[in-house]
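Just one chain follows, in the form predicted on its own, and it is written as structure tokens.
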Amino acid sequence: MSAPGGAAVAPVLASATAAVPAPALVAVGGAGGAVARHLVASAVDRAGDGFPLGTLTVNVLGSFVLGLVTFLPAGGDVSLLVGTGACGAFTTFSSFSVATVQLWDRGERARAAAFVVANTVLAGVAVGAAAALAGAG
């Protein structure tokens, strides 16, 4: 089983990126992913209480999208643009690590542990959902 429309989108993107060098694909995807992460994380964190929900949100969303790119027949150029570039810049292991230590240092150890568990479990569930949606699971 394949995702509705997934098989049709990948060849179109692959042909549109065929003449672009690999480092340029990663750079363009990375620029878009970094800006998207800033916008999404800032919007989510604005309503929060100090818990790094924005970081959790981008990590889960980025894991889902990377799962789709991985499990759909996306192709090398699309994988570079969206997977390596956009998802690589959209998700953030460094912010996850810093936020965990900041929670811990503030004495919010249960929230630090919950943050680690939530990132790990929800990102895994997101990849599993993407695999199922792509018919790979």
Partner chain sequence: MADSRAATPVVLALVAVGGAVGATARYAVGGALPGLWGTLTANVSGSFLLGLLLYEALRTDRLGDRTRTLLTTGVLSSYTTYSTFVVETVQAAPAVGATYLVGSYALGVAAALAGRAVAARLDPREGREVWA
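Numbering follows the first chain given and starts at 1. A quick note: this is a predicted structure, and the numbers were derived from the prediction, not measured.
As for the form predicted together with its partner chain, it is not shown, yet the points below apply to it.
- Not displayed here, its partner chain is approached by residue 30 to within 4.5 Å at the level of heavy atoms in the predicted bound form.
- Taking non-hydrogen atoms only, residue 26 approaches its partner chain to within 4.5 angstroms in the predicted bound form.
- Proximity of residue 106 to its partner chain in the predicted bound form falls within the 4.5 Å heavy atom cutoff.
- When contacts are judged by a 4.5 Å heavy atom cut-off, residue 50 counts as touching its partner chain in the predicted bound form.
- Along 52-85, these residues reach a heavy atom to within 4.5 Å of its partner chain in the predicted bound form: 59, 62, 63, 66, 67, 70, 71, 80, 84, 85.
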